[in-house]
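Heads up, the chain below is alone and in the form predicted on its own; it's given as structure tokens.
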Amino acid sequence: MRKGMSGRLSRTFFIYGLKIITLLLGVSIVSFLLVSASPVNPVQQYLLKIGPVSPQQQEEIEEYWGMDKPLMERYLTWLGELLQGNLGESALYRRPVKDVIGERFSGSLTLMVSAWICSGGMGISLGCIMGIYQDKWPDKLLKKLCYLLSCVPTFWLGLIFLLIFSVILGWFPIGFSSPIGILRQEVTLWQRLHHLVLPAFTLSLMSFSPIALHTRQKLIEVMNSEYVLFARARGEGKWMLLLRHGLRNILLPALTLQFASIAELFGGSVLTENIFSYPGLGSAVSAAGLNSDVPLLLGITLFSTLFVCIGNMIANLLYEVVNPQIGSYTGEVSR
């Protein structure tokens, strides 16, 4: 049994490794072509910052950045450096791209993990409540709330929460991940959490509605099944039926949607971090796009792709834990 499990896990890692490498190669090609086709010239953007230079100096800058070479040669040069672990140097921060990503990712990871846990907890909990009280007032009220939040843009919610809870009520700080004027090593855990609550809650609201609605539908199907009706005839209550029969059957679909929301959270973090001035990859990629920082933009694109792929791979591996009868690498029922 253990050999079979370890064999499936090994094949899962191998197959996903090939998929991730192929996907990263495709993303690198598409991203490089899109950046190269942009009407904004990074050299011109750089010259706007340093002031006017002579034509000879401009040619030297283009030669230093490799902008005087053909597109294919530039891509192969960049890909060769990438395979050696060199993502280039950020023109905006004047630092290696991998250092900028490593520094900013810790803030984004904290924000996304907090929002991910919050959205999953709220989605599964509210979905169970809606499924238990089908067609009653809690179900109708929460279902309308889910439909409403799924249509509201994240940036609008963030601005409303910022206005109400920070400006008017003063419960939370206006922005940043720590108080202004305090050294990083002197910031307490409570201060970090205080700055994290509002951005994380805002980000979580963009992905919990599909989880809640899907959990509701699956729970209704389970509660109307024959074995649950038989258990109900024996005198088991609603919440006991949920604990004994419902959670086990709705956990796998909810887990699938939960890990699928990683890509949405990563995209939503760009807006959330800019609204709340939260230092992370989201604010860095916005600054890179506005300032034509091509190395940083390409580096964050590849890193975000890798991050989402790893999240999906973890979801498939957890299927074995939730339901051992599911083959984690093919989806076939193991014998």
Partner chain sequence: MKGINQRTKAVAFALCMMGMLIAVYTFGLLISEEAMMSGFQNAHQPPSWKYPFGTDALGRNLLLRTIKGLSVSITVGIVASLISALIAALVGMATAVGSKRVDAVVGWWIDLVMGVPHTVFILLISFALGRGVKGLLVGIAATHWCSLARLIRGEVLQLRCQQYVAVSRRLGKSGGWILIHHLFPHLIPQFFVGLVLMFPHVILHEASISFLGYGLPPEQPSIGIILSESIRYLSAGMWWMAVLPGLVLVGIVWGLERLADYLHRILDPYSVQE
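Residue numbers count along the first chain shown, from 1. Note that this is a predicted model, so its numbers are computed, not measured.
There is another form of the same protein, the form predicted together with the partner chain; it is not shown, and what comes next is about it.
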{"query": "Selected contact from P55, P70, P52, P39, since only one has a non-hydrogen atom within 4.5 angstroms of the partner chain in the model of the complex", "finding": "P39"}
{"query": "Heavy atom within 4.5 Å of the partner chain in the model of the complex - residue from A233, C151, L189, L83", "finding": "C151"}
{"query": "The partner chain in the model of the complex: contacting segment from 210-218, 91-99, 151-159, 189-197, heavy atom within 4.5 Å", "finding": "151-159"}
{"query": "Complete contact of L163, L271 and S304 with the partner chain in the model of the complex (any heavy atom, 4.5 Å)", "finding": "yes"}
{"query": "Any non-hydrogen atom of S10 within 4.5 angstroms of the partner chain in the model of the complex", "finding": "no"}
{"query": "V167 within 4.5 Å of the partner chain in the model of the complex, heavy atoms", "finding": "yes"}
{"query": "Partner contact for G267 in the model of the complex: the partner chain, 4.5 angstroms, heavy atom", "finding": "yes"}
{"query": "4.5 Å heavy atom contact, V30 and the partner chain in the model of the complex", "finding": "yes"}
